[in-house]
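Consider the single chain below, provided in structure tokens and representing the form predicted alone.
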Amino acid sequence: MVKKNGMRKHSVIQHEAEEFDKETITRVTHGLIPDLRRLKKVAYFYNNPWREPEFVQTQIMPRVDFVLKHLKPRSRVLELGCGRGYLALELARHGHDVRAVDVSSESIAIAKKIAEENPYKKGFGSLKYEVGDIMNMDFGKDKHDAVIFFRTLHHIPRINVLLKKVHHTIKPGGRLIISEPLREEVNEHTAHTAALLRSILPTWEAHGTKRARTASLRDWQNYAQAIYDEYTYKDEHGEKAQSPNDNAIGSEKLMVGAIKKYFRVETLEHHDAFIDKLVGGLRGPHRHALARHLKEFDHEVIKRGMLPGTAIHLVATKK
């Protein structure tokens, strides 16, 4: 039985790696450069912020800035689930010593390639990428000033097991920093707000198409439901669930509750009410200014309690 369980778990991890391998190959083939300083437009994406550098600046850079803000100078950093490595590279450019791990060999291969091409070498710390299953790998005897989960922790079903390992590898007083989606926090109000904004703003869908899709109350309900499914990764679009464990942890209660067992939470911020699946879909000559305006509006509706944030930034210190 133990052997069977071990094989099953291994199979899930392998499936996870294979899905991210395929995604990386597809996106890079279509022009994605996972380097925040050398981005280009990628027409392959229809409502993803990575479609244009300006959308990345509006939607993704605040997450990166949050991490940078909470690292002490020349920190020894471990990023778990680094994907294609754009955060780890940026941390190293800011003088940090970074070890970055991911289960996807293709993601690590492209991360290494991009790092080798890096023209921004002044003040560079150090950077090491490696392929590994973070649930089973040994983090080594050296302690870290900070461990980072950047859109990764929600993939981990056995979160307590991993956080216990993370607690062990962080120095006394060291930090856990996370930036994570919480898709279970998406609700009916979120979906209807996004539906309303999409129906009136210039997006990838023609206005006539949107009018036809919302012609009756029943049509509107179906439209909002489709958007809800998209936001919670239950849809059939190209941006559906990335892997078998993509929605393993989607609840703030579960994620933050597990973190509090091992760490003392210092900072907890909510963001992304509706913006994440809208900003990259904007079209027209004023789309970049509109994206910035919507980002401010998104922040305001969360601040006023009108809609829940569907993602969090968190900083915690080792107990």
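Don't overthink the numbering: it's just position in the shown sequence, from 1. Quick caveat: nothing in here was measured; it's all calculated off a predicted structure.
Beyond what is shown, the protein has a form predicted in complex with a small molecule; the following relates to that form.
For the three residues 86, 135 and 151, a heavy atom within 4.5 Å of the small molecule turns up in the predicted complex in every case.
Although the partner is absent here, residue 79 sits close enough that one of its heavy atoms falls within 4.5 Å of the small molecule in the predicted complex. The small molecule is not drawn, but in the predicted complex it has no heavy atom within 4.5 Å of residue 75. The small molecule is not drawn, but in the predicted complex it has no heavy atom within 4.5 Å of residue 146.
Of the heavy atoms in residue 13, some are within 4.5 Å of the small molecule in the predicted complex. With the partner omitted here, the stretch from 99 to 107, 168 to 176, 218 to 226, 186 to 194 that lies within 4.5 Å of the small molecule by heavy atoms in the predicted complex is 99 to 107. Just one of 111, 92, 156, 182 comes within 4.5 Å of the small molecule in the predicted complex, counting any heavy atom, and that one is 156.
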